[in-house]
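This document opens with one chain alone, in structure tokens, the form predicted on its own.
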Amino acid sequence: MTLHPHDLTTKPAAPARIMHPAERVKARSPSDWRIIRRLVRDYLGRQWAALSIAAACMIIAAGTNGALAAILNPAIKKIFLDKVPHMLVTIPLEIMGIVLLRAISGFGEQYFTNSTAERIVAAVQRDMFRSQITLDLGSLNAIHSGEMISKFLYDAAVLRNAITRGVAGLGKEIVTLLALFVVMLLQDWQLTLISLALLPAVAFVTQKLGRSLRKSSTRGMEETGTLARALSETLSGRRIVKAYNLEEHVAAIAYGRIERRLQYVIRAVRSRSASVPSTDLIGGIAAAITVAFAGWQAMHGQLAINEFASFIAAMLLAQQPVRNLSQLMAISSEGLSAANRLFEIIDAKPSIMDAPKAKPLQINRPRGGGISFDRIRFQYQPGSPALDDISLEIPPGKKVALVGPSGAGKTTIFNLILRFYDPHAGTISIDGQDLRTVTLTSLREHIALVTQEAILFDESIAQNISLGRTEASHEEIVAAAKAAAAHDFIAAIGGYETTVGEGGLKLSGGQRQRIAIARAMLRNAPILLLDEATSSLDSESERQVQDALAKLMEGRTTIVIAHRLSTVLDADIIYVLDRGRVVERGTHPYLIAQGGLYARLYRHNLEEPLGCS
């Protein structure tokens, strides 16, 4: 939901909710045709040139199957019955030409179909990623990374298989059947009608099995996501698993999810396995009846052997496309289920968006950047307020500290300033500009954030620092690293092109923190949000970084979440929070003199972590 500038007290829309698998089964799914239309409109339609070539190759390949069946009639008549000598060369050459044409067209069909499918899946994955990365923080928190990765990879692979084998295969087999039907009709129309009499039975069985398969496949995909979630949680929490001897516990959870997934996969396998034998049974009955009637015609002189040979060849060749169609319908059904799940991700909309007439945030440096909280109320969960009627004034260019026990609301204030969430009531403004009236991009460009746990990506050190300002030169990156006391250790471990590993695991905690601080320094933003940015550093590195931060904070609005009170003694204003409310405010000497919560925290927790909220 987009908030208009005047809707200052409107409760923001709830984050996108991810339904439980059992809920999804009950939810009404869009029709197959609706999903197909969207695939054609948004993805297949963009590949019309390659699809046209693939379709042309498909038609040619299908026509060669009919030609091979049709050529039996003149071959038997001219060679075996009439014994025409030059036909011994002509007919084999024609067969070779047909086979060569089928090989070339088959290659073209496979190449253009598969390459098109890969491009379509890549486009779907791009749309999925773009949709997810633009969601607001609340919506992202509702999505488990393991389940998302399962959809991104497993469901996309199912869709790819459906396009390459299902959609393309359906077209090929239908065209092949039409070509063989023409051959059969030309040889004997009565036999053709008899052989087609049981096709409605094939269609009925295929539809029933396809419906069962789609239901089982959908649940199987959902259980695959649940299993991926369990694996992701186990790997991310591997230290706790080992420390608390939880191997058997997490294994039992994983085994249960594997078993549930297996049940649905087996059901899908059963439906898929029944499709071909069912079709073969019906096709065998049709063939038996057709042969019996053909024999009666031959006995009464109504059917020549060459005509029968050509007809029966076409009929036998048609058995394979019919068998394939029953299987391909199942594959297409699975693909539609996967596409529906992928479209759910693509269609997710953020609840935090730019207002229709949002303008860029304007901060006039060096005297701008004042932040105001006016009677803010906010809760993550109903009935549990994180901030309760809070008002704050953070003057431009000043250092303001937020102090309080765990759960007091300190981190929530950061989240609201960055507009990760919108308040349920009240107004937050920067230099008099309501945050809901400015663009998200401009707001965040004016803020540099350093969290207690440094977040690094599996890229080079230079790339991680440059995330603060992607267009920065190498010299600027090095200057930021030197200011953050990071240059020396970077040079010692191999330089700025050294990769940091997953989450920066190749670096120590202090090294990761200094990289994050260098990133914030490079950003050169007028507003700094520091979540105890030096808490992971040793004494010498902390002294160096504190000196650098002191220079960086000059002329900038700085908000510090303080877990160690010794780091905020020089703050211009200290706000003391407790249970979502501001209970005290003032300078360090003033608050000590008051003898309230701050004084107790300072007395009992000096140099000790106070926790984060």
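Bear in mind the structure is a predicted one, so any value in this text is a computation, not a measurement. Residue numbers here begin at 1 and follow the sequence given.
Not pictured, yet referred to below: the form predicted in complex with a small molecule.
> Quick one: of 408, 516, 529, 184, which gets a non-hydrogen atom within 4.5 angstroms of the small molecule in the predicted bound form?
Selected option: 408.
> Tell me, which of 333, 412, 113, 176 has a heavy atom within 4.5 angstroms of the small molecule in the predicted bound form?
When the small molecule is considered in the predicted bound form, the option within 4.5 Å is 412.
> Hey, of 258-266, 486-494, 347-355, 398-406, which bit sits against the small molecule in the predicted bound form at 4.5 Å between non-hydrogen atoms?
Checking each option against the 4.5 Å cut-off leaves 398-406.
> Does at least one non-hydrogen atom of residue 380 fall within 4.5 angstroms of the small molecule in the predicted bound form?
Flag for residue 380 set to yes.
> Hey, in the predicted bound form, does residue 421 get a heavy atom within 4.5 angstroms of the small molecule?
Yes, contact at 4.5 Å.
> Please check if residue 117 has a heavy atom lying within 4.5 Å of any heavy atom of the small molecule in the predicted bound form.
Answer no; every heavy atom of residue 117 is more than 4.5 Å from the small molecule in the predicted bound form.
> Check whether residue 159 has any heavy atom within 4.5 Å of a heavy atom of the small molecule in the predicted bound form, and answer yes or no.
Residue 159: no contact with the small molecule in the predicted bound form.
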